[in-house]
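Structure 1 and structure 2 below are two forms of the same protein chain, each written out on its own as structure tokens.
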Structure 1
């Protein structure tokens, strides 16, 4: 009711019509002018006084506060006032090239790596578990420990022992917002500007960027068909950690053999470095049972294990975890608390009950079978439709393959991706995952990443056929 009056008085004080220190209009006059009761005017004055616009005192006339300054007239043209600066981190991060976010309509058939099929999500069990967690009695709602919900950490401890041969205390587990936060916490807590880090080349770009954002120096380590080439790990004295994906190298797909695992651990001991083991899709191994984690053979407490629910459940859940050497638990606990206190409670409890009931592992087995079917369809379609030279690697595990196209040079990748896109098929260039330009003496062949976890078998077949046609068009182009 007094809103119009309030706004007019604010405006007049703002533009200087009512000067600082001057008498405020009488309540009687305002009541008449606005056709409201004097009670309304008094309420407006009380609000303005509470906000400090006017000064009132019993028995004195109200005055406009003396410190008030009318706002400057709006400046025209571009901003001339110098703006504050960003931190070194902010400056690095702002300039950083990150993978483009898919904007607009996705291609009709999208081999997007990292996406999973919506119908694979266990919506009903999740809804039930979520509802049960929501109704679980709590005397009050307050912050939880930064390391995460105790029931989820216990459930994970059992799961990791069963599924990944990884024996740890629940106390070593910290629940985080997906593996991205796990990586970011490692970067913050372990790297300074001027330090160096060893990183798989090619490797997972969103992890590399996290480490680079700290101002530390990238030391790329080549990857071959057995994964990280541990004979070429850097002996740089500034190196603080190595990031690796030993179960299924991202993106090339090798499993790091035991000899290299041991060599990596010896290197870490020699260099006093940490090893970050990103087990991003360790659940998905076809034929063999999933290999145990690198963490399982670490006797020195140098391996930081990272797990995620983004592949087996949904990347939109934003839940993952770290298994830390005991001595790193205190610093990660504090860093997680300062970062965002803790992960959401209901979701953690829902997940704990899914794991405890066995529903999670049943779900993983089911999705593994689904993905095995998708993978077979992809391999069959590649063998049937693509030219003879095309070679798939990394298909023994995970949710994507790499497709090498020796008939095309690396410089043709963009043309292939664009031609496929024109045909309604999304495929993704491999070369951005390399740390630097390829050696001139030995130009690399074109490579594509094809994720298949969000597609059905029919789409996969159609997609590969369309890709084959697009490749033929590129090859025929002048």
Structure 2
């Protein structure tokens, strides 16, 4: 009843029944009319007074606030809403084509790259570490430093030296919400409208969009079977950074050889540009130890290293990190603080405990073996079931491959994806990852990205058989 009384008085003030400056009904009269106690009416008046609708004072009658104006009656016909006024950044973001977010029921067998198997997550070690961090005594609950929890940064310092050959100080590490936030921070801190950036073509679309959103100009650099073609790096005087995935080029999977790595570092020193090294799945290399990071041979402090736990643990954790040149640490700390203060602290401490105990590296070795089995099943299934000429690249490392289909042209990718989807199989076209249309003189064959880390061996085999049937239907179509 109190809520009904409150809403009725609000409506009467809005429509002018109780006009501005007029006396409000007495609490006694309202109590009698609604059949409630005066205490209920008094509580309603106190709420209205707190919100500024009425003015009360001891010994005086309550009055409707004099600043209130009645709401305009609704107009007949279709209402037109005003267009939002956006910043230049907002306008650029609004116009961007981004990958569609997953909606509805996923395919029965989904070769979604970036997804990992839920059963691979180390649930028991994580639960123990998380519970210990949760029960750890804290004198108070307050914001932590924006760079991240000190225990995780110290643990990462040792882990990166062991696993990636990367030597750094813990103060150079900033913990972020996954590699996407790391890329966004780099874009905001390092690029202005009118600047230019070098970018792998094809490459990671969400990173390219982050850089483009700043108003900087894209300078695509082709990728071949050895990764970024460093001989074609731009000498544009406006170029400020280059983005690269040297340990496992996304999406084509090449490893940047030492000669090109050195050439890239010389280019950065000559142009006074930064190199953003995105090591998104560097732990997963098969048949040999993981390749050392580009950062490990950087003697001039030009490389910004980005790492993530999305592939080894879970993308749902949203934990990643930056390893920064010393001179960039203060400004990135400030930018991170303005962005979101810090990443979740309990999860950071639990992860630090897993790394310090060795459980994380044991988990990575186990998952690497599992993914090697999945990769082998995928390669065998492609060789057995797909038409002659189908070719897989990028299988030496990572959690996805690119499947080239010379029997189909680039223009057929959408039809292949749709036919596979009808068969309950999710595959993904390569074309959106290119910065622009291919040259007409060099028509490109169809390409698909196949992620395998979230599937089991039998699902992979069934999925490739279904893909083969989908390809046959597309080939037979007029």
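Computed from a predicted structure; not experimentally measured. Residue numbers count along the first chain shown, from 1. The term rigid core refers to the most C-alpha atoms you can superpose between the two forms while keeping them within 1.5 Å.
- Structure 1, rather than structure 2, originates from the form predicted in complex with another copy of the chain.
- With the core superposed, residue 450 shows a C-alpha displacement below 2 Å between structure 1 and structure 2.
- Remark: with the core as the superposition reference, the CA shift of residue 12 between structure 1 and structure 2 reaches 2 Å or more.
- Once the cores line up, the CA of residue 24 ends up 2 angstroms or more apart between structure 1 and structure 2.
- Superposing the rigid core and comparing between structure 1 and structure 2 gives a CA shift of 4.0 Å at residue 39.
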